[in-house]
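For this one, two forms of the same chain are given in structure tokens, first as structure 1 and then as structure 2.
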Structure 1
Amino acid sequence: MYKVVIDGQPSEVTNGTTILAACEQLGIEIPTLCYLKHLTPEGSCRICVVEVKGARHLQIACATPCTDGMEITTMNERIYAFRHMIIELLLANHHADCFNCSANGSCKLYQYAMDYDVEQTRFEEVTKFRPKDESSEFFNYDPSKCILCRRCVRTCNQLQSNHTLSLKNRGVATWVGLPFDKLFKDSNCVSCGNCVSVCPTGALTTKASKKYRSWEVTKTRTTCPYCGVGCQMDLLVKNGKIVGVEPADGPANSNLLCVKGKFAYRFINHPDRLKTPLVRKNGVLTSTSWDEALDYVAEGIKRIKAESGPDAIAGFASARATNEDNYVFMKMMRAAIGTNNVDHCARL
């Protein structure tokens, strides 16, 4: 354990703890752009600087490990001015069109510009922006909104391990691109959307996000309904409808999702959803009340059971329903009907 003092508060941290993590333990917030929990810190954006007593220069919090006896200041004039300058520099290379931007409300650049009172940059715009790529079915890419935090590139390469995104060119001409400058739709991109989920600005946004702003949505933590990995995710709801999905840090998925988990939620609001019970009348499935439908089911089961015994009835439960649903189904078959003819498509 190391003893450290942060903004006058003494604290103890384990060997290897970064300044950022030590601040988090004390509930002190530090702005970050390139930092992401599941990636090795690379210290490129430089916005997380703090002052360390005895060090000549400001130190980045995300990557600098605490040392025993370290005294850290997380806010003063020098730090404020430094961060202010970083934001100004980013804004000079940014097409700030917040009104039309999907990220409006969830954009970190916007947030920090507000936090650090940057109303306008003193610098000239110097970057020539690359064209947009809206070829993916699921998301859009607008390089003029990119702040080169490289979260997307590192996520695609290190976590999704798909190697679709890479850094092209050098210096101020650096941009995030695809091999041979391909479009997403012509690349090896698997549409997992993990790059989109980590983008702190409006550079990578889901197509659906044009239609909501972050302050309009509520989030509900749940488990992905598709494969057996059991990814944790947040459903974004606006006006009683799912409008998007964000990955969560579940034990199985650690903030990743696949194309189905991230984008295949539209069936929920689909107009073809069944809304009333149906009973076949004169050969046609006809809307009816719950009472009628349930009676029909119960009477039918009773009659067949009386005539042919319980084993003339069989039931298939569902690998997509919950444990509770399946338990009640199994109990219905065994306890209420009296047969062991219960199965589900575990084998498929």
Structure 2
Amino acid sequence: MYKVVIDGQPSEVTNGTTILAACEQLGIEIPTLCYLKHLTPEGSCRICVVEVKGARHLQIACATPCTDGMEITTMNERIYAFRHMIIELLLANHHADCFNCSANGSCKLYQYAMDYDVEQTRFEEVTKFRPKDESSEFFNYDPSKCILCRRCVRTCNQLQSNHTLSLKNRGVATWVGLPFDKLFKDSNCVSCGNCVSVCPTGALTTKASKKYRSWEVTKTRTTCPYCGVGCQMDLLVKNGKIVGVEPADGPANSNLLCVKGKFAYRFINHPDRLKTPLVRKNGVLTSTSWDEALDYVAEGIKRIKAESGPDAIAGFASARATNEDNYVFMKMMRAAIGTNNVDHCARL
């Protein structure tokens, strides 16, 4: 264990703990834009700088490991001025069209600009106005709002392992793009939307996000119903309807979702969705109660078993159910009905 002092508070951390992680243990908030919990630190945005006693320069908190006896200051005039300038430099590479931006209210760059009293940048705008890419069915990409934090690139390459995004060109001409300047619809993109989920500005936004703002929605933590992996996610609810989905840091998914978990929620409010059980009466499917439907199924199973034996019955489980539910279904087929005719679709 290393002993460190952060803003006058003594603390103990294990070997390899970064300054940022040590601050989080004490509840001290450090601004970050490029940092992602499940990726190795990159330190490209430089906004997380802190002062370490004895160090000649300010240190980036996300990538600097703690050493024994380290004394750290997370805020003073020097740090404030440095972060202020970093935000100005980022704004010079960011088209601030805030009122028309879908990320209005959830943009981390805008929030930090307010926190550090940056109303405008003194640097000449170097934003390269490349065409927007709205070819994806689920999300839009506006390169003029990209601050080159590389969160989308690293998530796509290191977590999703799809290698769709990369940095193009050098210097002030650098931008995030696709191989051979392809559009998303023409690339190997699988539309998982994880790049959208990690974008701190309005460069990558879902098409549905135009219909709501962050302060209008409530979040409800739930489990994705599309398969048995158990990915955790937050449903964004506005006026009683789901308008979006964000991945949660669950043990099975670590802030990642697939295209189904991220975008396939619109069926919930579809007018053709079944809302009650249906039983066929005189050849016509008729709405009924759950009690009547379950009694109808149970009586049918008993009748078939009595007439033709248990092997005349087969059960087909669902990949959308949990492992526990599928196990109980298997036990019901084998123990209650008496047949081994049970299968499970490992696909959808």
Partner chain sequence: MTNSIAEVVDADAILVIGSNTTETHPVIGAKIRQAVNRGAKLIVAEPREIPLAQQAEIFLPLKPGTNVAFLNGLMNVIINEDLMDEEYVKNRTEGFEELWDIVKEYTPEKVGEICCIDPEDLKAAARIYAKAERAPIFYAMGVTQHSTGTAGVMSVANLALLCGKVGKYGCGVNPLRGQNNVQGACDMGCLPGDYTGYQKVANPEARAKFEKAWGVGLSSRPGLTITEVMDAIESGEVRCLYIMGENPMVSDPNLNHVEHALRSCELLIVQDIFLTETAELADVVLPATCYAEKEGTVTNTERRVQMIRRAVPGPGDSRDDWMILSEIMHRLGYDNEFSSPQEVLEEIARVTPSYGGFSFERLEKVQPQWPCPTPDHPGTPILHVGKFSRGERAIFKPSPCILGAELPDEEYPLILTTGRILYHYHTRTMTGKNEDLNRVVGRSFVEINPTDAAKLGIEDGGRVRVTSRRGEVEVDARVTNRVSEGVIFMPFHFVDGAANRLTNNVVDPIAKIPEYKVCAAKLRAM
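Numbers follow structure 1, counted from its first residue as 1. We call the rigid core whatever largest set of C-alpha positions still superposes within 1.5 Å between the two forms. None of these values were measured; they are calculated from a predicted model.
Between the two isolated copies of the chain, the second is the form predicted alone.
In a two-body description of the motion between structures 1 and 2, residues are grouped by which rigid part superposes their C-alpha better; on this basis Tyr112 and Leu278 lie in different groups. Remark: the rigid domain rotation between structures 1 and 2, smaller part against larger, is 18°, computed from C-alpha superpositions. Note on Ser287: its Cα is shifted 6.6 Å between structures 1 and 2, core used for superposition. The rigid core superposition between structures 1 and 2 gives a CA shift for Thr339 of 12.5 Å.
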